[in-house]
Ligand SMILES: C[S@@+](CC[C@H](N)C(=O)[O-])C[C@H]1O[C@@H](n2cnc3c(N)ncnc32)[C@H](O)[C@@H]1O
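Have a look below at one chain only, the form predicted on its own, in structure tokens format.
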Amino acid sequence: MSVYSLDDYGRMIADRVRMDAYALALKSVVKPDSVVLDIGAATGIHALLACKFGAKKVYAIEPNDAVDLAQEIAQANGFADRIEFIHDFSTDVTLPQQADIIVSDLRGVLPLFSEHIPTILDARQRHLAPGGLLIPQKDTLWAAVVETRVVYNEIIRPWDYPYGLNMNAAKQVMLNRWVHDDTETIRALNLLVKPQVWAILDYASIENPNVSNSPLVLEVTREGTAHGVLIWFDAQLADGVSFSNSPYTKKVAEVYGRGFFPFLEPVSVAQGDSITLQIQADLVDEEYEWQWHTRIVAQSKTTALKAEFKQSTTYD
């Protein structure tokens, strides 16, 4: 798993959309007799909140050295007697008892990140008491084709014949990678289709970290230029407690973002054109390999193929 800096942890705590939702979720489920497990505890904010809301015992597991600072913070808040900090990975730990509630946030920009899902699977099987609760409950990933000349040009500009030199080999590699959209650049007005659900990660039942879908068939809603696919997620933390990184949402959890998957070249589209999209993500050696296959067909008197791309982060 990635190791975050103290600045990173500070940005996570300062993100009020994220933190307000997590605090409300914990407050809604923690009871006076609750045993809580905080996985990826960092500086201990979720563990501290669980104690504040009345948990009788909290296990806070964190592989980063930030766990030492978390112990000082727990002492300063009067919770040291209820929080047991463990400097390790949760997959390597055996607890003396199972937890009624497991809280975690092991996502990256998107929920499909490193060992996130395998860690939750292990925690659910070994650390969660029967009838116990997971926070988050599920993440729903959405996909839409977008027009975003700015983001696309940022990808290709360095390799587009600088000083008259052919650097297309590098450009092709970059066009087979996805990039982080910081939620400020791509907005609802950039969408060329109605978004569709690509995948639902239900953490109470998920068994496989790999995700693929039946092809999504998207109808273009306005004329424009298709530059690629945008993927984001809605998070349901507890019953009635959620947040979203949708382009339609005014207040987003900024520590995450969205994933932009470029096409090999921009494609002019018209209202009524059909876009078939197949996306697959496979966890390989703690990193996700992505594939996105796109087929764009004109809907006119004579149906014609406008473009077809088969892209993968394993491109070389």
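Since this is a predicted model, take the numbers as computed values, not measurements. All residue numbers are counted from 1 along the displayed sequence.
Heads up, the form predicted in complex with this ligand isn't pictured, but that's what we're talking about next.
Legend entry - Non-hydrogen atom within 4.5 Å of this ligand in the predicted complex for each of 12, 45 and 63: Yes: each residue has a heavy atom within 4.5 Å of the partner.
Legend entry - Listed range touching this ligand, judged in the predicted complex by heavy atoms within 4.5 Å, from 158-166, 139-147, 106-114, 173-181: Correct option: 106-114.
Inset, instruction - Flag residue 315 as yes or no: does it have a non-hydrogen atom within 4.5 angstroms of any non-hydrogen atom of this ligand in the predicted complex? - result: So residue 315 does not count as contacting this ligand.
Inset, instruction - Report yes if any heavy atom of residue 40 sits within 4.5 Å of a heavy atom of this ligand in the predicted complex; otherwise report no. - result: Looking in the predicted complex, residue contacts with this ligand include residue 40, since a heavy atom lies within 4.5 Å.
Inset, instruction - With heavy atoms only and a cut-off of 4.5 Å, decide whether residue 221 touches this ligand in the predicted complex. - result: Residue 221: no, not in contact with this ligand in the predicted complex.
Inset, instruction - Give a yes or no for residue 309: in the predicted complex, does one of its heavy atoms lie within 4.5 Å of a heavy atom belonging to this ligand? - result: Because no heavy atom of residue 309 falls inside 4.5 Å of this ligand in the predicted complex, the answer is no.
Inset, instruction - Name the residue from 72, 88, 234, 154 that puts a heavy atom within 4.5 Å of this ligand in the predicted complex. - result: Residue within 4.5 Å of the partner: 88.
Legend entry - 119, 245, 190, 242 - the one with a heavy atom within 4.5 Å of this ligand in the predicted complex: Filtering the options by heavy-atom distance leaves 119.
Inset, instruction - Counting only non-hydrogen atoms and a 4.5 Å cut-off, give the residues of 16-30 close to this ligand in the predicted complex. - result: Residue within 4.5 Å: 18, and no other.
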